[in-house]
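We begin with a single chain expressed as structure tokens, specifically the form predicted on its own.
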Amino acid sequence: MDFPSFSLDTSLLEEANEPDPEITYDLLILGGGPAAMSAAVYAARKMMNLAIITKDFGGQVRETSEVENWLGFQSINAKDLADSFEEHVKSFGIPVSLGRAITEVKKQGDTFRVWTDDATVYSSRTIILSTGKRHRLLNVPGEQELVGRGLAYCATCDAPFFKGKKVVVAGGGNSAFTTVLDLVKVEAEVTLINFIKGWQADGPLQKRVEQTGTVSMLDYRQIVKIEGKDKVTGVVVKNRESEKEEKLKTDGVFVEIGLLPNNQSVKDLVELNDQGEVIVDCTCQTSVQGLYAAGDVTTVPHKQIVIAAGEGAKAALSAYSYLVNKSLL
């Protein structure tokens, strides 16, 4: 990792504790993925009085098995990587509210108020929103049970592990077609299943997939069940025109039917784009002064771990500069 060691006030090295609702923090970080954890490290380096509010640590990193594009490692277990992020953050003794969902963020004067699902209210002079995105789910039997056991949501992360295997891709848009091309590169036997009648991907992408000559494309079909006990073994597919069902044997399923930004707590506060992502500038500043955002919840392109971590660091440094310029630090 690229965080150098440095001297730190020993008070910051105490065991992490709960944030104090009676304190107005310099910074509250909302979220627990790579962007949030990177922001926490950089904010701690600046001796900011900060706290973290998150449902859990790791974010989407924990939904995959191996990561092969983290600098310095040819391959690293995703859980180990997320655990190392969490251990690094916890070494600073930063107060953490774990297991609570953020329900609302408001700005009152120069102070932000953050509500959680247990009605606790926290206060801060700045906010970094790094709540990420959630996968649009198939919502079928077997999906939740087989995540990480053959069911995946990230071809960039997991395609290499399906070399030469049978794989089903659910979706009909650009992300689904890109996933198919990633899988074709590792010689997977791919079946593409589209719920809506007619493919939605851009023409050039559709042409590239068709030119492979190896991809089976099933239009106007619905995956109604994912089968398997310890790993994916097959899917049940319904023809939406004839209503007939058939079973397909497969070693894996990639769900590529879209992502939804976790913007619920700020959707009435900050400007969003048409996809519901939080609009940020090059300093991670949102449309609300003092409120920064980083990672997949934002308009920054290319949703990758390394990019999220970099954006988190940038957001923390921007929040620090904001407080210094306002003589609040």
Partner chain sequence: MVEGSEFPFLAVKYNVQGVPHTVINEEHSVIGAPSEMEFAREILKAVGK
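Residue numbers count along the first chain shown, from 1. These numbers come from a predicted model, not from an experiment.
FYI, the form predicted together with the partner chain isn't displayed, but the following is about it.
By the criterion of a heavy atom within 4.5 Å, W199 is excluded from the residues contacting the partner chain in the predicted complex.
Residue contact check for D118: one or more of its heavy atoms lie within 4.5 Å of the partner chain in the predicted complex. Heavy atoms of R149 reach within 4.5 Å of the partner chain in the predicted complex, making it an interface residue. At the 4.5 Å threshold, heavy atoms of F162 reach the partner chain in the predicted complex. You can rule out all but one of 99-107, 205-213, 131-139, 167-175: in the predicted complex, only 99-107 has residues with a heavy atom within 4.5 Å of the partner chain. Using a 4.5 Å cut-off to the partner chain in the predicted complex, each of D158, K231 and D251 places a heavy atom inside that distance. Shown without its partner, the chain has no residue in segment 270-287 with a non-hydrogen atom within 4.5 angstroms of the partner chain in the predicted complex. Between this form and the other one, the CA-CA gap for A39 and G148 widens by 3 Å or more, being larger in the predicted complex. Cα of Y153 to Cα of F73: at least 3 Å longer in the predicted complex than in the shown structure.
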